[in-house]
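Only one chain is shown below, in structure tokens, and it's the form predicted alone.
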Amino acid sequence: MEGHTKENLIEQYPMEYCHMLELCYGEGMMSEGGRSAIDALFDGISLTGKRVLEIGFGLGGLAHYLSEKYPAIEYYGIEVNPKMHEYASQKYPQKNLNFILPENPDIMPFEADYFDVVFSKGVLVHLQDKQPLFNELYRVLKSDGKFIINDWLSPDGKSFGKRVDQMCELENLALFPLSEAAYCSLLKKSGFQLISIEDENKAYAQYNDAIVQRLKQSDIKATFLHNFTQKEYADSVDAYGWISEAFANNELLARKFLCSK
């Protein structure tokens, strides 16, 4: 991850914005779908007694959910945003949760063949050059381990479409389009074997529509308007509506990759 990319990513996620996202996604969550989406991410894979690594733990809500569901899990998470690292470490101090702020995000602070499962949910779309990270994740994954990714992809590898472009402009986000074929090529170049690719568009259209409905609930709306502006509220309702439509119309792709070493 190049230094300027890391700094730009940190700047895009100030804590005020992160707490706004919590109102949309649920406590501690930084991507759509909540617990249902997390369960779907690990469908068919038990994490009991496993050593796992999350790339981009955000506010730590996903890690907290896993620690509740799998008390015997040994969880490690990497996050480049120091404010998020501080928040998650204080909010979720469970002994089996290890939140790490790496000195150099291009080099994982772990020995080779260390993890049973490595995963990332809705994060890697923010990273322009994924190859160095994939190389490192291949190194730290055990020979019989699994790498699971949920990410946003582009049908043509050039754009996410008008609706997502509007959302990015509203929220000052930089997302990097990549086609499914290009994504597979990067994974294979790092040495991963693709087990499956799942089309999750229908689910993610529903997840984002559910966020719109959540924001319209009187208590959530009141809390939102107490902490943020009317414009920020209206922009959020619009943005998640656009994302839902983009998924429904296949202008934006949600894919789950399951890989082995």
Ligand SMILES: C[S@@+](CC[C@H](N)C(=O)[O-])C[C@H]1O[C@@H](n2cnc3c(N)ncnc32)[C@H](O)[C@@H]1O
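Please read all numbers here as calculations on a predicted model, not as lab measurements. The numbering used is simple: start at 1 and walk along the sequence shown.
The same protein has a further form, the form predicted in complex with the named molecule, not shown here; the description that follows concerns it.
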| query | finding |
| --- | --- |
| Options 182 to 190, 135 to 143, 73 to 81, 164 to 172; stretch whose heavy atom lies within 4.5 Å of the named molecule in the predicted complex | 73 to 81 |
| Contact of residue 205 with the named molecule in the predicted complex (heavy atom, 4.5 Å) | no |
| Partner proximity in the predicted complex: residue 67 to the named molecule, non-hydrogen atom cutoff 4.5 Å | no |
| 4.5 Å heavy atom contact, residue 13 to the named molecule in the predicted complex | yes |
| Touches the named molecule in the predicted complex: residue 123 (any heavy atom, 4.5 Å) | yes |
| Proximity to the named molecule in the predicted complex, single hit among 127, 148, 178, 97 (heavy atom within 4.5 Å) | 127 |
